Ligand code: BES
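So this first bit is one chain, no partners, the form predicted on its own, shown in structure tokens.
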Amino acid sequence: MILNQALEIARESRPQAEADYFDHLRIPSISALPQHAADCRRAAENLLRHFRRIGFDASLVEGNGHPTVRAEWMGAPGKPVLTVYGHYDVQPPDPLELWESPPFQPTVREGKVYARGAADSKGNHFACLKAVEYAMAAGGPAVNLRFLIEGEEEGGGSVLPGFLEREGPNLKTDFVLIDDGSFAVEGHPDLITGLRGIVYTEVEVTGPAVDLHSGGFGGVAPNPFNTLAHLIAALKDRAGHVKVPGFYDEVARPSAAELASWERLGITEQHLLEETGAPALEGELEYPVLERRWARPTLDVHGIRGGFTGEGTKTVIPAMATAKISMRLVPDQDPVKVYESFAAFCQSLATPGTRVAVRMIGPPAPPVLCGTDHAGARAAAAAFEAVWGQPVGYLRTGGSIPVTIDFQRALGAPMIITGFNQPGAGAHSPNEHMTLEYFHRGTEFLIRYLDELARV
């Protein structure tokens, strides 16, 4: 690969890159909703066509779920192998009424493209796809490449983890680039050193056999919603402390040096207030705000359903009420132990006449720590600084990428976790967006990264 030639092609091809990226964003590849299964496959096939067009050996990995796109180019004998991870599935766009433009009609406003998946995470892997396209046009990438882009990151699935477990010995790689993150500070690229794990559950409370008239049975019939309200209130106190027995027993705090490095980032509570639009922050106030955001475990309610929620009135005591509740975990918490304690605690909170059942949705993901003292991370830092003109920051993120532990177990290669989204991109929220300049700089980063890796 001739570096300057690849960079020049990238700059000349920006309009076409945006057009292809927008086509990818138009596909409503919502993995959590069964009615969008065909759209998920369409998104995978769209990527498949792009990889084959530029000369990669590409196929779909099938399984009990949405397919993973596998694409390889091994035309640089003796050079390192880089495996790049991404995901083409996206979150549901609800609530639709809060979007300023339709979520699957990419719309550019003030240099940002607004669409579901623009930031999380189609922009990241599509910028990388374009980088290798331009590298191919400039004589071929300087290293060997493998892409694994899954369709089940947002809801958990078995296709990619199963593939890694089966084929790990045949997937020799020197470095794994997990390309599913964002910047914490505007204009300052990051390398992520840790991810929180996750346990996602559904808590179901049942009472009477059928919905009942609240006038005829109110005061005697058990109301699952009342029980669910008591249950949720008992899970955390007003200061943000989780009350599940044993929840904090195995929590490892970050080192003093790590905490000091985060303090130097200059991210204040005011920054987070502006980013969230909330009038105040909450949580365990005895811990610094970035430790609460990145390195403390959490418990959050994501949705409640049951009974009557339409316009007008319907005086009903529902037969069932459910809540979706997740816990983000940190080193050294064990997801299975946390789930078992959570489920037992919820069941103990049932009131007379109600029954509580707890189900885990998707496989649990343990927390991950990722070192940066290796050649792959140093090459990434150099490439980022060349593109953004700023040294990288080293930080954790509060999110989870469940498949990272599968990469660690199956491949054992050093990981580089990063991404190209700007702060406040609105991932999982209405009006999700990505700055197009960041998208194009992400492409330039990977071109430079391939060149840096060829010299390690």
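All values derive from a computational prediction rather than experimental measurement. Numbers for residues come from their place in the sequence shown, where the first is 1.
One more form of this protein, predicted in complex with the ligand, exists but is not displayed; see below.
**Q** Pick from 165 to 173, 240 to 248, 178 to 186, 284 to 292: which stretch has a heavy atom within 4.5 Å of the ligand in the predicted complex?
**A** This holds for exactly one stretch, 178 to 186.
**Q** Using a 4.5 angstroms cut-off on non-hydrogen atoms, would Ser400 count as touching the ligand in the predicted complex?
**A** Yes - in the predicted complex, heavy atoms of Ser400 and the ligand come within 4.5 Å of each other.
**Q** Quick check on Arg49: any heavy atom within 4.5 Å of the ligand in the predicted complex?
**A** Result no; Arg49 lies far from the ligand in the predicted complex.
**Q** Is Glu204 part of the interface with the ligand in the predicted complex - any heavy atom within 4.5 Å?
**A** Contact check for Glu204: no, nothing within 4.5 Å of the ligand in the predicted complex.
**Q** Since only the chain is shown here, I'm wondering whether Glu154 would be in contact with the ligand in the predicted complex (any heavy atom pair within 4.5 Å).
**A** So Glu154 counts as contacting the ligand.
**Q** Which residue, Arg42, Arg409, His428, Arg53, is the contact with the ligand in the predicted complex, using a 4.5 Å heavy atom cutoff?
**A** Only one listed residue qualifies here, and that residue is His428.
**Q** Identify which of Ala350, Ala71, Val159, Ile198 has a heavy atom within 4.5 Å of the ligand in the predicted complex; exactly one of them does.
**A** In short, Ile198.
**Q** Since the partner is left out here, which residues of 86 to 105 would have a heavy atom within 4.5 Å of the ligand in the predicted complex?
**A** The stretch 86 to 105, when checked against the ligand in the predicted complex, contributes His87, Gln91 at the 4.5 Å heavy-atom cut-off.
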